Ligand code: T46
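Before any questions on how it binds or moves, here is one chain, the form predicted on its own, in structure tokens.
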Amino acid sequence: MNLRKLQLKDAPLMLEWMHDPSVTHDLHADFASKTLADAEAFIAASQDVSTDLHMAIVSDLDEYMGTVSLKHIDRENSNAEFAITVRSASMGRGYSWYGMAEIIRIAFEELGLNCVYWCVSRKNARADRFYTKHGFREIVDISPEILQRYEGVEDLKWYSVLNGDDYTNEAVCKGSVAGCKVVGIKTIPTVNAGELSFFEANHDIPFDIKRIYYISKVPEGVRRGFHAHKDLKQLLFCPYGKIQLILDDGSVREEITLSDPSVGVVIDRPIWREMLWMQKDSVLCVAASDYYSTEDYIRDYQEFLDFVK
């Protein structure tokens, strides 16, 4: 699989999905009336990338499978609208997810944008399942400038992803690290206004919260931690920056990078932990099940090994 610029040779296969009701029945535009000349004109116009970036999703043999786009690129507000359409022949073969993940990467890493957003009809069950499967969240507030483009179109469901989000879900898909559960923290995003994340004791995390603390102003490259707890349960997450969490249960030692505020790790048993600050001024926040107690700490690694055995 690959992304490349659209080429005139893609026009016949582009017209194929435009005339395929199984692809277009939940889309807003009238694709059924499009002609080969229309497809060729779109491809020719796509060479201008000043406000829109349209790219072809292709197979290893360079066969056109679909189009993925960043539309209305707004450098002042640092956002763009995502869109994707693929041929029925490519569905269920990973092309949609590859194209989406790659265009979002381009938006953040190459164009330096902060937000990518998009919408689908609530009747489009296939698209909704796809976005839900990959962990994307519905937006509750859309700016009037964006909504104006869809004036007269009702029943839309909006999504967004922000720069720094774990949009490929590597951490959550991992499931656990050294036996500790990786959790998604409930998050409500808003275009151009950030995200609100929250969790509730005994609902979202499996313990009551008696203490919250955070570690900040740590220089890049510094390691902290080097301890375990006998009974304390904790939720660790990184609301800002990038921190590598190294966890060791006495037999397995694993690492996970925390950089998305909506991803956390629940430590609910004795685990040796170390934290490496990978970015200056990153913040590590911890919700703990009990008050501070020096007796609960194990600060010697051999003592920890003896304790867990």
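Please read all numbers here as calculations on a predicted model, not as lab measurements. One-based numbering along the sequence shown. Basically, rigid core = biggest C-alpha set you can superpose within 1.5 Å across the two forms.
Not on display, but discussed next: the form predicted together with the named molecule.
Peer 1: Can you work out which of Phe198, Trp97, Tyr150, Tyr213 has a heavy atom no more than 4.5 Å from the named molecule in the model of the complex?
Peer 2: Only one listed residue qualifies here, and that residue is Tyr213.
Peer 1: May I ask you to choose, among Ala56, Ala39, Leu284, Val265, the residue with a heavy atom within 4.5 Å of the named molecule in the model of the complex?
Peer 2: By the 4.5 Å heavy-atom cutoff, the listed residue in contact is Leu284.
Peer 1: Flag this candidate site as yes only if His229, Arg273 and Tyr297 all have a heavy atom within 4.5 Å of the named molecule in the model of the complex; otherwise mark no.
Peer 2: Yes, all three are in contact.
Peer 1: Taking heavy atoms and a 4.5 Å cut-off, does Tyr292 contact the named molecule in the model of the complex?
Peer 2: Yes, Tyr292 is a contact residue.
Peer 1: Answer with yes or no whether Arg126 is in contact with the named molecule in the model of the complex, where contact means some heavy atom within 4.5 Å.
Peer 2: Close contact is absent here: in the model of the complex, Arg126 is far from the named molecule, nothing within 4.5 Å, heavy atoms only.
Peer 1: Using a 4.5 Å heavy atom cut-off, state whether Leu236 contacts the named molecule in the model of the complex.
Peer 2: Within the cut-off, so yes.
Peer 1: Can you tell me if Arg224 lies within 4.5 angstroms of the named molecule in the model of the complex, counting non-hydrogen atoms only?
Peer 2: Arg224: yes, in contact with the named molecule in the model of the complex.
Peer 1: Counting only heavy atoms and a 4.5 Å cutoff, which of 100 to 108, 153 to 161, 136 to 144, 205 to 213 contacts the named molecule in the model of the complex?
Peer 2: Residues of 205 to 213 come within 4.5 Å of the partner.
Peer 1: With both forms fitted on the core, give yes or no for whether the Cα of Ile73 moves by 2 angstroms or more between the shown form and the other one.
Peer 2: No.
Peer 1: With both forms fit on the core, has His134 moved 2 Å or more by CA between the shown form and the other one?
Peer 2: No, because once the rigid core is superposed, the C-alpha of His134 moves less than 2 Å between the shown form and the other one.
Peer 1: Does the distance between the two CA positions of Tyr64 reach 2 Å or more between the shown form and the other one, the core being superposed?
Peer 2: Tyr64: C-alpha displaced by less than 2 Å between the shown form and the other one.
Peer 1: Once you account for a change of 3 Å or more, let me know if Glu109 and Leu258 sit closer or farther in the model of the complex, using their C-alpha atoms.
Peer 2: Relative to the shown form, the pair is farther apart.
Peer 1: Indicate closer or farther: the Cα atoms of Phe237 and Phe130, in the model of the complex, relative to the displayed form, with a change of 3 Å or more.
Peer 2: Note: Cα gap between Phe237 and Phe130 shrinks in the model of the complex.
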